[in-house]
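Considered here are two forms of the same protein chain, supplied as structure tokens in two stand-alone entries, structure 1 and structure 2.
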Structure 1
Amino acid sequence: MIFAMLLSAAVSGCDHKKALPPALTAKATGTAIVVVSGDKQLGSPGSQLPQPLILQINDDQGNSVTGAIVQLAGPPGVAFTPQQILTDDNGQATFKVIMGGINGRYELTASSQDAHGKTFSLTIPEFAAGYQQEVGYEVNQKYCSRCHNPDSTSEQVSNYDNLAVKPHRFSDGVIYNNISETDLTTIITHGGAAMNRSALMPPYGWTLNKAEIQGVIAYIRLISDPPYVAPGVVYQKH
């Protein structure tokens, strides 16, 4: 399984430049890029992400800037439409992202220039997931995220604040990368109490089948930040 592969423009070290369309001229400049929506999505390898990636350029007062240039770059295999664009009346730029063909974490880099021509940028993770990880994503949405994700959304109010013992985000690689697959399986199957942890972590052995538990572990490994490196796997440098 190669779900832990880190694919980033910086890491790949291949510095050949893709042919860019004719360069746009910025009508205005900002100082920061923020994500409006569409980061940390899960998509199928080789396919367009379900949602567009929407970025905003702000000035140093935090106001959105219209007519600033935004460009995207990514590891080999990822494609964007467009590759660069000027921000619209709301200071926003919308991109379609087509993922590369390999499962894993992809780090995209959005960049723009300030009034002095200095580049500022933002790293945006997206994920290409296989079937197992998609299963895990669904399990997380249905059962886990209400406690493990402190952020409330319009679809789901987080239960995190009500918990006396706080669980970690599944993306928290500092915690999760140090928990073995065996221990993850045990705590998910038998609950926190079985591992001398809080019983607020419920047992899922009756609710989830083996494939679903393996799926949620594969999903946790996929979204881990810093990235998870499977024991014994050697990554080729180039």
Structure 2
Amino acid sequence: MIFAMLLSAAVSGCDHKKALPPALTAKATGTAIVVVSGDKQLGSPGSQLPQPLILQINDDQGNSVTGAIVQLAGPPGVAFTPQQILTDDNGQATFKVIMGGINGRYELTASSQDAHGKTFSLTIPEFAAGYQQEVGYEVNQKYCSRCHNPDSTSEQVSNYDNLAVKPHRFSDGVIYNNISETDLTTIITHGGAAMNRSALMPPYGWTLNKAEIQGVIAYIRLISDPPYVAPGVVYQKH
């Protein structure tokens, strides 16, 4: 009798561990997913992103929808809390994202369904930076973003609007993906005029050391949109 009770308890315990959370039931549906905040963040491999990812479900008129299911998926190694959720009273869904253990670009996919059961989705890039890319990010924050980022913040006022020749965002892959690392090094070290580009780009060869310049280039490659593909490297699609 005691053995039977212990066996029953063990089986129940196993069943309890394997039990899945109850499936969510949508109370409403929308037609589009938009990012409120938390996309294109820079984090460390294997760590939680600094800010939550907040998404919103809208209907055809652009109004937020309460009670719609939002599901988040991503490459192996990325974790989410939760994986799916109902939008709140503001039509928003909030996720905590833990990056994979390898530095690089991670493309997450948020999805939901419309009133006809058709899935609609949105791809959201996030970045896990290695040491070199973190160095580049710090240099960017100190020297580069005040001109290359047109958006002013409470911490830094952009100088973008005061420049006659507008610098490109570092994420502008259409421009930077076509500039070799040698040429980028020359531009950063000796200024834009050295490569027949804008003379408003000053030389930083006396300000930054070689590792910092290489870090800036690594950071540019990391956040590039479209993603940067190194020449001569074959990438396998999964």
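Throughout, residue numbering runs from 1 along the sequence of structure 1. Since this is a predicted model, take the numbers as computed values, not measurements. Rigid core: the largest C-alpha set superposing within 1.5 Å between the two forms.
Participant: Of the two forms I pasted, which one is the form predicted on its own: 1 or 2?
Facilitator: Of the two forms shown, it is structure 2 that corresponds to the form predicted on its own, while structure 1 does not.
Participant: Once the core is aligned, please say if the CA of Leu163 is shifted by at least 2 angstroms between the two structures.
Facilitator: Comparing the forms between the two structures, which are aligned on their rigid core, Leu163 does shift its C-alpha by 2 Å or more.
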